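Only one chain is included here, represented as structure tokens and corresponding to the form predicted alone.
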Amino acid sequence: MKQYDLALYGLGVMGSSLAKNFLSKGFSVALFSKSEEERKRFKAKGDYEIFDKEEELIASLKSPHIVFLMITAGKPVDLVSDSLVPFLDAGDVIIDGGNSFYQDTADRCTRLGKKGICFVGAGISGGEKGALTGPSMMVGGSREGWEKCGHMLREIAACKDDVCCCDYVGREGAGHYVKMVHNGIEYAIIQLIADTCHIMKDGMGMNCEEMKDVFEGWKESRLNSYLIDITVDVLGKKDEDGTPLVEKILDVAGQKGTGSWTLQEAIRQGVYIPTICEAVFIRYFSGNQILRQAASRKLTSSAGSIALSKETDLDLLRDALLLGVIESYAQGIELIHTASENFGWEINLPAAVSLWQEGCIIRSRLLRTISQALCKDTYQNLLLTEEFAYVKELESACRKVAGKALEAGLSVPALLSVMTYYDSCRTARSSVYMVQALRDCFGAHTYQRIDREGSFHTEWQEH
């Protein structure tokens, strides 16, 4: 029987694209899908065979057996992994390339590790096109497993200036954690772009063609990125009747869960990520159409017209968006740093961020500078680094834009959060001293003082 380099389990959109990517790089691939339709539909050039029995799939592989799962995250990963174990040998590798929750990946590493199986969690970004031509991959889990399969993964990954956008970032669920936060950053930047378009359209009176031209120009600025590129494409797409297609899209957003996980993790780790938070929550709120439609008729506003002009103030809008994008990265990286410290993952932040330079949704010109800013002996929030000292020059523009949008009654939640984060960061003494006083007054929760050590309780009310 022929011996294949690896198996790819799951021939949906992403699985099929990855399989074709492996084949295009000269690997021989054994393929499997429980769906007969998927098995029949797959066609590609290269050395492959499609199996309909798991035992035969594993038997067709070279040793160590390497099985790449591209299936629905959650319980299916456990069910499939357990079904494969009887056919695997100690030292064999299972790779989970889905959007799995990082703690599930950590648990699988432990559980399967006791059976001698190396479990690898690979966070993959880039969508169908990236999977086919070169994705970004953030890999965690078994180090031994990575050493056995890493050369294959790196061969199919995206590259940027000779930097491979695939590497091992840490043990347990570290790879899927970095991918999860990557998605949170993606949510934030997408919402910031949406807020910017809302100001252009409903505040400045611009049409889609004018907006497209502006974003086209911004591609030559620090904003240059994949998301800006596709914004140009979306704004320029026409429907069958020649009108902008984007204007006919229902304003209810979908999501697959990684954004919500990012918020949950921020709470667990005690990290402030307001822009990511607003981006996630506005997607949830977009589904409450009954409330929005009713409120649009009943709730009045004292807002006037926006005092920003497309003739004079587009540079302000560009700088406001740029500050928001920088802060989105800063918030996400702060969360990764904190989790790495708390879990003992020892994630190399500059190296992890460099994996986003190509192949993934949040790739941008800024990432090279971000990696440089993180290459210091002591970690600092991006806003405090020398490389991003220019954020102070962007603050005025963002404050003006946010203020005018607020005065005009425009809903731009992500953009407003940018100023909230900036001002919260620069507030040496926050308002939380009052929170602590009130907590102690009603619940005797105690407080600390700025002039002496220890915990204190005061009888605030006379009885």
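Not measured: the values here are computed from a predicted model. The numbering used is simple: start at 1 and walk along the sequence shown.
FYI, the form predicted together with a small molecule isn't displayed, but the following is about it.
Stretch-level contact analysis of 350-358, 291-299, 256-264, 210-218 against the small molecule in the predicted complex, using heavy atoms and a 4.5 Å limit, identifies 256-264.
For the candidate set Asn183, Thr196, Ser364, Thr231, a heavy atom within 4.5 Å of the small molecule in the predicted complex is found for exactly one residue, namely Asn183.
Interface residue among Pro86, Gly127, Pro76, Gly116 relative to the small molecule in the predicted complex, by the heavy atom within 4.5 Å criterion: Gly127. Against the small molecule in the predicted complex, the set Asn99, Lys179 and Arg283 is in full contact: each member has a heavy atom within 4.5 Å.
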